[in-house]
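We begin with a single chain expressed as structure tokens, specifically the form predicted on its own.
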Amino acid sequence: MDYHFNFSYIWRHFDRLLYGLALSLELALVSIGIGMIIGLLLALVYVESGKTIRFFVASYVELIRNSPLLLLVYLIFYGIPSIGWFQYSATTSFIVTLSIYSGAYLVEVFRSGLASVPEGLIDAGKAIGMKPWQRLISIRIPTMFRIILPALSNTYISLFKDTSIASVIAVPELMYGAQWINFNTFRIIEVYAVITPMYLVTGYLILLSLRQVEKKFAI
């Protein structure tokens, strides 16, 4: 059976794809922001605490990193509300999931960055009478971020692509928009031929932006 390409249906509903792309970027941005807070706080706790606290932080990291994101999405969206603890929208549920997921990865990124801060800088801070919290804010954290910029770039792009999983709980991001068009027009090849370059171009633009930040602040 011959297949005849027809992109007119795709352009007719292209606004759904544009809205979905904007929502995907918003989901990634919010989740990464929350994930960075989780990751940085837990990394600091891990570095500064004893074995017991380190065990709990490491357990969180290993549990989340070794669990499929799709499983976590289903667990938080269907599992927690089913026992009556919380009720939330699909979008909120996915942001919570991706934040927890990204936080686990960023703990390791931040922890390695903190460990890579040269001891000479910290000793210099001590020599001029800086208190521990002053050394943390003025020396350790700024230097850490400059060290881990390449790793952060890779993590950010990966998390942007992970937003496509939100379609399984009907969050109207880019992949969900593509599935809606496919189910209503049966133009499966055309719609995925359109969203593939949308993901590629967006990811590349994110990469270029982050590379410029790296060049500006890299050590």
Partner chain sequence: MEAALSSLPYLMDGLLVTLQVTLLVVVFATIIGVILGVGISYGPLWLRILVRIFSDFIRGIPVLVLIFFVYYGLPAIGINMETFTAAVVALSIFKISHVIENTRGAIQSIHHGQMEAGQAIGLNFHERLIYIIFPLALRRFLPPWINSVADTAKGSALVSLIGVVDLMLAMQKVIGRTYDAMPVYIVGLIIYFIINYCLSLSSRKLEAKYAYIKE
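Predicted, not measured: the structure shown is a model, and the values here were computed from it. Positions refer to the first chain, counted from 1.
The form predicted in complex with its partner chain is left out here; the points below concern that form.
Proximity of P150 to its partner chain in the predicted complex: non-hydrogen atoms within 4.5 Å are absent; the residue sits far from the partner. In the predicted complex, no heavy atom of R54 sits within 4.5 Å of its partner chain.
Although the partner is absent from this view, L71 contacts its partner chain in the predicted complex, with a non-hydrogen atom inside 4.5 angstroms.
Remark: L200 counts among the residues lining its partner chain in the predicted complex, judged by a heavy atom distance of 4.5 Å or less. Each of N66, I83 and Q179 places at least one heavy atom within 4.5 Å of its partner chain in the predicted complex. The listed set A170, L29, L41, I189 contains one residue whose heavy atoms approach its partner chain in the predicted complex to within 4.5 Å, identified as I189. Exactly one listed residue, out of I34, I165, V45, V194, brings a non-hydrogen atom to within 4.5 Å of its partner chain in the predicted complex: I165.
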